[in-house]
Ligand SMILES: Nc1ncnc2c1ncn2[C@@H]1O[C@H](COP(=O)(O)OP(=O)(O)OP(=O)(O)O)[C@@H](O)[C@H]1O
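Presented as structure tokens, the chain that follows is alone, the form predicted alone.
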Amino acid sequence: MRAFSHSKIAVNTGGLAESISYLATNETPQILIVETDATGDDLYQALEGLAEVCSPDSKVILIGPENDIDLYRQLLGMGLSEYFTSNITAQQMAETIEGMFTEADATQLGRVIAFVGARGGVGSSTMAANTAYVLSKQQDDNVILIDMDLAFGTAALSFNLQQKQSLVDALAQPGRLDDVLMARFMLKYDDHLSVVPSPANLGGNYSIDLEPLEVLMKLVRQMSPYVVLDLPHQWTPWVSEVMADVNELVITAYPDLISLRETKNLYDAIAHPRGDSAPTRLVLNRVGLAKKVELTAKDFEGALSAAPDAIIPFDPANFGTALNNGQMIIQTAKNCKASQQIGRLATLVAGKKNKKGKGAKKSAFSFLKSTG
């Protein structure tokens, strides 16, 4: 599953007794799943022993023999994260674990939305920039737009921003990256929108490695509730990894047969690593440019089993004016159909707004530890 793509999993036999012995000399994992046949006083005594060696920051799931609601409430009241009987399925367990970490990260890490073109020249970068701007206005909150097209990125130019450093400079020093240093690589557009540009000139032998990229992504997600990525049209390990991991993936396509084929290929390639819970959006761009020969939204829906989430009409006058002014289309033509569709897309990818200040769930075994 996508949620566990970076997880390390170890399996030991022996139940609660072996868990206590193992954790007495080893670090507690982030999540510990223990299966036991113990009941009654034997169960509570074993849990007390486990509490002595288990980190309060770890999440503990217990699988036991009794299907009893009172026992369930007592165990959760003691600080266990979850309790199941032995008939739990692998899918139920996976969904439970994913839900725990989604809830825990929701108030700490920003939402990541990635844009990629089904093929070159379909306007994915334009969609990324416009959606990032509209998202910052709709949510009245900070958005970081990162231009990951190292060879041909246009984010800085789209907003008429002058750059000195780029994403490449940030990735070159992952060990030193913090919010202060990261801010130096960002171009401030207004109170809420910042842009991390790609290099302005060709010539560098640029590449992106997963390790420094993961450091950077974790940092920017801590700095902003929304991070928009403008991905290049290429299929490399880091691009496919990003597509699998982001909260929202937006594919921009032109309404022709080639775009339909490439969109279908992308959908098929990312369906399994993203899983059912991670949305993949489709934008049809420049609709109406070739009315007599272009495909329809229904053609795409029939092939993908998913309707387009936004249909952007061919509007060279308004997009051209915005580009020449270093602005977004909603700034120059806020009532046109393209602006309305981009606004709808921004609302979709925003998801449910994270609520600040919400109390964290009690740590595993906090009750047992506090009472000794």
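None of the values given here were measured: they were computed from a predicted structure. All residue numbers are counted from 1 along the displayed sequence.
Not pictured, yet referred to below: the form predicted together with the ligand.
Checked against the ligand in the model of the complex, the residues 81, 198, 263, 126 give one hit for a heavy atom within 4.5 Å, which is 126.
Checking 256, 245, 149, 141 for any heavy atom within 4.5 Å of the ligand in the model of the complex turns up a single hit: 149. This chain is displayed without the ligand, yet in the model of the complex the stretch 284-292 from 167-175, 88-96, 284-292, 206-214 comes within 4.5 Å of it by heavy atoms. In the model of the complex, the ligand sits beyond 4.5 Å of every heavy atom of residue 229.
In the model of the complex, residue 323 approaches the ligand with a heavy atom inside 4.5 Å. For residue 65, no non-hydrogen atom is located within 4.5 Å of the ligand in the model of the complex, even though that partner is not displayed. Among heavy atoms of residue 135, none comes within 4.5 Å of the ligand in the model of the complex. If you take 293-323 and check each residue for a heavy atom within 4.5 Å of the ligand in the model of the complex, you get 312, 313, 314, 315, 316, 319, 323, in sequence order.
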